[in-house]
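Next up: just one chain, as structure tokens, the form predicted on its own.
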Amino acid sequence: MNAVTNTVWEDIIGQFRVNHPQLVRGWFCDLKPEQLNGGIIRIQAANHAQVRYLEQHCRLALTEAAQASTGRLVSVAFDVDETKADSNGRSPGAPASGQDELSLNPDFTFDNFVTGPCNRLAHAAGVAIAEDPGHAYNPFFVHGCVGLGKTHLLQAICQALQKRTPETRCYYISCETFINHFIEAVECGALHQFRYRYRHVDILVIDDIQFLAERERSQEEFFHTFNTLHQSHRQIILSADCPPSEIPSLEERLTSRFNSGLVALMDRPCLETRMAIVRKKAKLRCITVPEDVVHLIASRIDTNIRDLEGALTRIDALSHAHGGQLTLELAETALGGNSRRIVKIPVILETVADRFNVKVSELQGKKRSKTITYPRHVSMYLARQLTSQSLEEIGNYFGGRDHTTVLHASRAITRLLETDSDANELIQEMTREIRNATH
């Protein structure tokens, strides 16, 4: 058995950073080489979430780096640092309830969650739940489009809870897993075991609960599971791509229960929040990004957080191909395929005002007559569809209205378009006009 010297370990990590920068995480500095025995370098991580990340993404890359640094045919293995594990041998962040749990990403913590007007309520509620589960907000239902941080928030709650009280039985799964477990239990006559699994946890966290739609028997079973947990003051956390009332074919009794707690929207981030997200993602991956490049990425990519991270990955990869120098010109090259016309809300307001023969000031004013309300709703809908502005930012263009007003207007027009062909044609005409007017 041989110890791995600090010099050798630093060389291994250094080669890993150079050859696989996209895999580097900020917590790598806390990894410890335990020993070299039988041709295997054992590496200690702080918790099971980190071990899973290393196993799934870094084993081959670290093995290559270790072989290059030592000049020997060695491999790597990963262990949890037992000094940081609880009395049951489970570290903070480890699964509490056994098989089929979704893996917790060690990066998805509250410290790494960037807050802004788009998600401040959801984040505050998540922190409160982690401090007082089952009482603060129960149930907690968070919704928003893909890639806006719902999964990050759910995992941050789970990891904070397990770090604060390691004995907490926290079960984090997808809705698909719940449905599959139920189907298997019915087929095997094992409903008793199924119910025990789901009704004897402290925290039940289910991602993408909208997939319960049109699953009548699964909805029935979840209804009783929900009641059992809620009556026992066990925390229930759910996420979906839309609010409870908009999940198709969801039973009214489930809708009312989901709405009985806190329902929080996670909206698209504004420019300042996107810039903060880029800085955070860069820091997590140990990438130094100039401020002008941060602004370029955030202004060019306005869809979701995953696309921001993808843009950062492309720029970093290109910089390594050009000697590691990350410049604005290089970033422009990496993002060249994403250049597009930017639609401005004033252009939308002018187009709608002209089409409906009203004044822009009336669209932004307080009048609520039908002749003003309808074009105002159309303006908000088009702003939501054609711009990267958050609900709060759109509301500011309409006399400082709050995000719920914009959301209501957008949904009202969406429902209208499903049944009114004339309205559909009008919206399409204005959309083409607005895009043609945008330079």
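Since the model is a prediction, treat every value here as computed from it, not as a measurement. From 1 onward, residues are counted along the sequence shown.
Form predicted in complex with a small molecule: not shown, discussed below.
Of the stretches 197 to 205, 230 to 238, 304 to 312, 163 to 171, only 304 to 312 has residues with a heavy atom within 4.5 Å of the small molecule in the model of the complex. The small molecule is not shown here, but in the model of the complex it comes within 4.5 Å of a heavy atom of Phe113. Taking the partner from the other structure, the small molecule in the model of the complex has no heavy atom within 4.5 Å of any heavy atom of Phe182. In the model of the complex, Thr151 approaches the small molecule with a heavy atom inside 4.5 Å.
Remark: Gly147 counts among the residues lining the small molecule in the model of the complex, judged by a heavy atom distance of 4.5 Å or less. Between the small molecule and the residues Arg215, His295, Arg257, Lys281, the one pair within 4.5 Å by heavy atoms in the model of the complex involves Lys281. None of Phe78, Phe226, Phe211, Phe108 but one reaches within 4.5 angstroms of the small molecule in the model of the complex through a heavy atom, and that residue is Phe108.
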